[in-house]
Structures are given as C-alpha cells and as structure tokens.
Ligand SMILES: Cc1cc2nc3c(=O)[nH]c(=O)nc-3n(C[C@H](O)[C@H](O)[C@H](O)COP(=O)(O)OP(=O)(O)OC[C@H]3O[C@@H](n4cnc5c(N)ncnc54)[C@H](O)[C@@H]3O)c2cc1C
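Okay, here we've got a single chain as structure tokens, the form predicted on its own, with questions on binding and movement later.
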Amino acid sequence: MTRADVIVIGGGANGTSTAFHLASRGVKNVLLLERRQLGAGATGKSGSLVRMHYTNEPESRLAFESLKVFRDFRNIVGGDCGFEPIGFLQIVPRGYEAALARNVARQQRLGIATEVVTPGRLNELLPGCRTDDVGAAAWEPQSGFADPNATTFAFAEAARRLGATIETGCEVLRILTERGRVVGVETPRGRVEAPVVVLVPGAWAAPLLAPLGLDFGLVPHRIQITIFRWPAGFTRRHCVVIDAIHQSWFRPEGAATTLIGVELGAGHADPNAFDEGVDPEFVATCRNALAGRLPAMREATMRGGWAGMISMSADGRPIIDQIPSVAGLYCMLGDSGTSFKTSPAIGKCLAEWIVDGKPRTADLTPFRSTRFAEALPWHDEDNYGGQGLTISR
C-alpha cells in the first residue's frame, strides 16, 4: 500500500483492537504494520488477567468497558478470546482495609460486580491459602483471564473482514510529518501516506518518538513469568489473585499448572536484544511468593517460564492521547504491561477519537501526555503501599 486513511503501528492487543474498532466504525483504508508477528511484544508474553480492580476510577472504567467485550467476544468481535471467568481476588496487607473499601465502593458505583471479603472467607474462595497476614480482600466473581494471542488474532481477523490491511514483518522506520502534522510513515518497503497514525509499539516506541522531539520518559523493562506444576494432592483449580502482600499475581494455566509473576522489573536499554528465558533467581522469588499465599505450592515443580519487554511511563500509568504538538498522531504508550485487559476499550476510545473527534466510551483526559510537563504525574491516594512498579497483568 502507498496510501491509507489511518496507519496503526503495533500488532499487539491494543493495535489490533484499534484497527478493528476503526474498521467497524466505517474507516475503509486502515493499515496495521507490525515489525515481527502479531502478539510478538508484550501481548504474547502477558499473563492476560481480566480484572476490574484498580486503585483509581479511570482504569477501572476502561477495564469494565473491556469486560463487556470479553464476555460477549464472539458476538461483538468474532472468534474466541479464551476468556475464563473464574473469579478474581485482590489481597491487601493490614493497614489498607479502608483504602480497599473505598476502591471497591468506587468500582461498585461504576456497576462492577465486586465486594469486600474478610480474611475468614478467603479459604472458601481460595482453598488452602494463608490468611494470617491479610488485612482485607476484594472479590470479583465475573473476572478471570483470557488468551492474549487468541484475542489479538481474533481482533486482527475481524479487522481484515471489515476491510483493514494487516502487514507483519514490516517495521516502521520513521513517522513522517510536514508543518507539524502527520503525513505518513517510512518502511523498508517504501513510504505510506496517511493523515493519521496511531502509535502502539510497546517497548519499541523510543526510536519513533525521538525524531519528533518527543520524550515521555519511557523506560523499557524486562518482565518475567514462571510456571509451576501443582504438587500431589493439589487438585482444585484456583481463581486469579493479585497479592499486594507478596507483590505478586498468579492464575491457573490449563488443568494443573499456575502462572505467576512478581512485581520486579529491570531497566533494559535494548528491547531488540534481551533474554526471553526466565532467570533462576526469579524462579526462586516466584516460588517463595506463591508458597507465601498457598503453602502447598512450596513443593510445586517448576515447568518453565519466559520474559518479555514492557514500557513504563514516569508514573507507571498509560499515556493515551492525541499528541498536541503533532496533529494526527495518536498513541497508547508506557502502560506498564497492564493494558491487555483494557485493550478492547482503549481501541474503541481511540477509534471514537479519530472518527468522532472525541472518545465517548471513557474519558481519556487522565491519561494525557502533557501531565508530566504540567507537573501533575498520576497519583492514586488509595494505593496499597506505594506508587512503584505496578505490573500486575
């Protein structure tokens, strides 16, 4: 192609969701460009939690709007996203009971099915769990997890059915501008003209932003996940859990294994050269965290793991915006690896913004790119122990 109405850069869940929603809104000439294969970045390595619980309303709203899509994916998008509504628990330490109650009340006002549960009820929802260190927990019976690759492939196929073009193995080398507005992109296959570009490249954003004079303080991080086979006698499939005490998240995978990630990240200078395997010391950290909540898992067998690259903004929250200094340039950047669960709503909001002139599904003002220049970085009053890495997927 040499011309498009909208070019989407990045073939993860957010890029394919945006392409689908643009095409479903009647944009005929949508072109998605992915440097490798669909889901090759953070999406394909995601733990793919689908939960509503955040310590702020804007992200909970995006997650709730996305849940509506995950629950009716076959009718809304087509295909299978692999969504399993097995329930979700958010566990917090002592001292944060009031903060959790306020967050749950905020989510309930949005219409989210959630409730505060006492440590005494935890063993009913998560049999065999340790409860003596728990302050409180929140339970979401309609949440769970999905298949990140299946979701991405289904969005892409739906976009194709509606007329979008998706090209993989085609890296965007440069975003082209003239007189302060987007005019297209440059690729190894040539120039493609377009008045609108949507930038959702994950950890590969910096080389495209720098020539435009844009620096949002994005830092790539190598994030890991470990898989454990359940030990003998552990037979009941557990729910999805984020454990703020052990700074970890875990969920079942298949019939007899558990995925776990721990909220640790290492800044990495080159997303094009990193080890996709899991580090031995990380395995030990994950085992301790998992056993700290489910003591039986101390005897679990490690069955593998992987690492992927995410991008973090300076305050750990996404940047979703139309860049004021570059007309026609939209972006979703620096999401800290949390945006799989919100990708249906993010794609829909970006499509609304491009087609209608403003997002209608949710207010994206809190995610604006200018908040750092305004000295107003994101801060959640009702957090669970600091504003550090928040990479629970």
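Just so it is clear, the model here is predicted, and its values are computed rather than measured. All residue numbers refer to positions in the sequence shown, first residue = 1.
Just so you know, the form predicted in complex with this ligand exists too; it's not on screen, but the next bit is about it.
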This ligand contact at residue 35 in the predicted bound form, heavy atom, 4.5 Å: yes
Proximity of residue 92 to this ligand in the predicted bound form, heavy atoms at 4.5 Å: no
In the predicted bound form, residue 220 touching this ligand (heavy atom, 4.5 Å): no
Contact label in the predicted bound form: residue 42 to this ligand, heavy atom within 4.5 Å: yes
Among 322-330, 360-368, 48-56, 347-355, the region lying within 4.5 Å of this ligand in the predicted bound form by heavy atom distance: 48-56
The unique member of 182, 81, 164, 225 whose heavy atoms fall within 4.5 Å of this ligand in the predicted bound form: 225
Stretch 330-358 - residues with a heavy atom within 4.5 Å of this ligand in the predicted bound form: 332, 335, 337, 338, 339, 340, 341
